[in-house]
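Below you will find one chain, with nothing else, as structure tokens; this is the form predicted on its own, and questions on how it binds or moves follow later.
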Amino acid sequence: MNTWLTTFLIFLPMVGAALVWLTPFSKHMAGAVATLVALLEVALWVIAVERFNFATGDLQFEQQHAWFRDLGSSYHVGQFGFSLWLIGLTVIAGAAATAYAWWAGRERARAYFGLMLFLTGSVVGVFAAQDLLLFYAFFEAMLIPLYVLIGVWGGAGRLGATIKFVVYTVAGSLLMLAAIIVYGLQQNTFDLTQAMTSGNRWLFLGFAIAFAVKAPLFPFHGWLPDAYRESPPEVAALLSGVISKAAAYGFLRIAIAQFPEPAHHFRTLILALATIGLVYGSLLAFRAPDIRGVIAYSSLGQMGLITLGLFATNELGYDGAVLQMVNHGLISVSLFLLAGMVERRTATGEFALLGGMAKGRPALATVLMIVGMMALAVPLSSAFAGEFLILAGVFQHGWGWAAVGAIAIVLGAMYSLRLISAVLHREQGSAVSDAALDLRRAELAIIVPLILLLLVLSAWPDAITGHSFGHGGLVAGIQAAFQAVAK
């Protein structure tokens, strides 16, 4: 059973997608079935957590079968501790997004919910793949439903947003495909567990640029504002909360682990770009005129912070980066879904038209305040723990990196407070009607579990930081390789 757990996690939502597509369900039933499948996926992940041995840093729940034998490529999947948590983030965020779409009553429901489930399975496949060709297949597969979900169900500017998204991502994907082919042929295998590390800097850049586009990192973020603003709220939630983490995972699992010498060589440049992105994204978030703009640009800043942790290339940085991936994923998903709930009541997300929504809406005010405080990274929150670990890790490479990071975190507090104030406080805007309802039970059933998870992580951040890498395994090999390169 254990060897099949990863495969079940990948293909359960895909089988659910086929079921929804092929069965003549009604609009309501399609959403109900998709939500049930998404919840079963969460239950299956909980079983995986219960059976995972966190004491070791080795690959677990591993399964391998020949795929293209002549190329040395196989269906090879498995999970490390850090990928287990990212898969958990994916299935939990996917369940929340699917449930929100069911509550929102999306049109052409069978097509929509099938795409949502297929997206979940594809992202799980990215986090589980241990073969480069398989990784690329899942990496591209997750883009297909995103193109359709944005292009068909998006807002008025969905066409331009989709074109930008396609151009950026396809360019990055082609660079990665070229790098994969050359690397695999040089190594005589595409298996990440069998391939030797490489010192080829051009191949490293091929992977790094592809991941920088997907994250996105400065200056590869041109597609971000339109895609996040024009997507349905639940799709924007997955883009920001989950899809960006596939890029961060790629940095750790491939760019850093397989190319230690090039990663060491380009580390200062990447830290500089990540720092610029962190400050730039925070400034843009502070100036954004709408809810989604704040969340979108804050995501740019947070991905810069996570990249700082990854390229600190030490235990503190890695632990902080993984914790912050989960923190940001849960916070961003919660905020985008709350943005959708506000937009359904006011038909806008523009701050100039909002305000005063705390009056008579205690549930909305409470939930938004809690999530906003988490985004603020107040002391004793899980976001504070993640940011502190990242800054402590990057401090080992120079106090300047940590100082700029700390300044950007202060900016993060400012844009979080601005969002809370613009929606809940100030004078009531012209788009806010006294008749607008408070959050309903179904909406609370979607948001409250995400908040509870953030509170649990705030009380026990070691649940992730102490259970991501174990002893030995992949990260121990990365650190040994970097020490050898440094010498």
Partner chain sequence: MNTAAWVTLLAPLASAVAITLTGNLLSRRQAGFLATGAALVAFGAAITAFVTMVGKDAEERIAQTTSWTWLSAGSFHVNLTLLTDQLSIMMMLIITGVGSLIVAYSVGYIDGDDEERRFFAYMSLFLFSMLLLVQGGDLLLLLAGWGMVGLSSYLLIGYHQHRAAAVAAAKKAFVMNAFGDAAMAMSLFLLVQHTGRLDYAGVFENAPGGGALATVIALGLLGGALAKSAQIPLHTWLPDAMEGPTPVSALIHAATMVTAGVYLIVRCHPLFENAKAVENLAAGLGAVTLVMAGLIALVQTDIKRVIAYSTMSQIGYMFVGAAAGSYVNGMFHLMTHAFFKALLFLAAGIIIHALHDEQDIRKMGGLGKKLPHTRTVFLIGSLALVGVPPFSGFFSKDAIIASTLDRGTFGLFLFGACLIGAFLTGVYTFRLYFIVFHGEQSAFAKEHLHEPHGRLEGPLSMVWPVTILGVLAAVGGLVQFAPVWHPLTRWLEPIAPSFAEATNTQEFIASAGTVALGLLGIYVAWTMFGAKTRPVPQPVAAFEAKFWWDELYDAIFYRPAVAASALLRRLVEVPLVFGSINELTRGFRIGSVELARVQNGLVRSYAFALTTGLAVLTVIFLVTK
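Since this is a predicted model, take the numbers as computed values, not measurements. Numbering follows the first chain given and starts at 1.
One more form of this protein, predicted in complex with its partner chain, exists but is not displayed; see below.
Contact residue in the predicted complex, chosen from 353, 403, 347, 272 - any heavy atom within 4.5 Å of its partner chain: By the 4.5 Å heavy-atom cutoff, the listed residue in contact is 403.
Contact residue in the predicted complex, from 440, 426, 27, 51 (heavy atom within 4.5 Å of its partner chain): Contact with its partner chain in the predicted complex is made by 426 alone.
Answer range among 77 to 85, 312 to 320, 143 to 151, 259 to 267 for contact with its partner chain, defined in the predicted complex as heavy atoms within 4.5 Å: The contacting stretch here is 312 to 320.
4.5 Å heavy atom contact, residue 201 to its partner chain in the predicted complex: So residue 201 does not count as contacting its partner chain.
Partner proximity in the predicted complex: residue 421 to its partner chain, non-hydrogen atom cutoff 4.5 Å: Because a heavy atom of residue 421 falls inside 4.5 Å of its partner chain in the predicted complex, the answer is yes.
In the predicted complex, residue 194 touching its partner chain (heavy atom, 4.5 Å): Residue 194: no contact with its partner chain in the predicted complex.
Distance check, residue 461 to its partner chain in the predicted complex, heavy atom within 4.5 Å: Contact with its partner chain, yes.
Heavy atom within 4.5 Å of its partner chain in the predicted complex - qualifying residues of 334 to 361: If the 4.5 Å heavy-atom criterion is applied to its partner chain in the predicted complex, 334 to 361 yields 358, 359.
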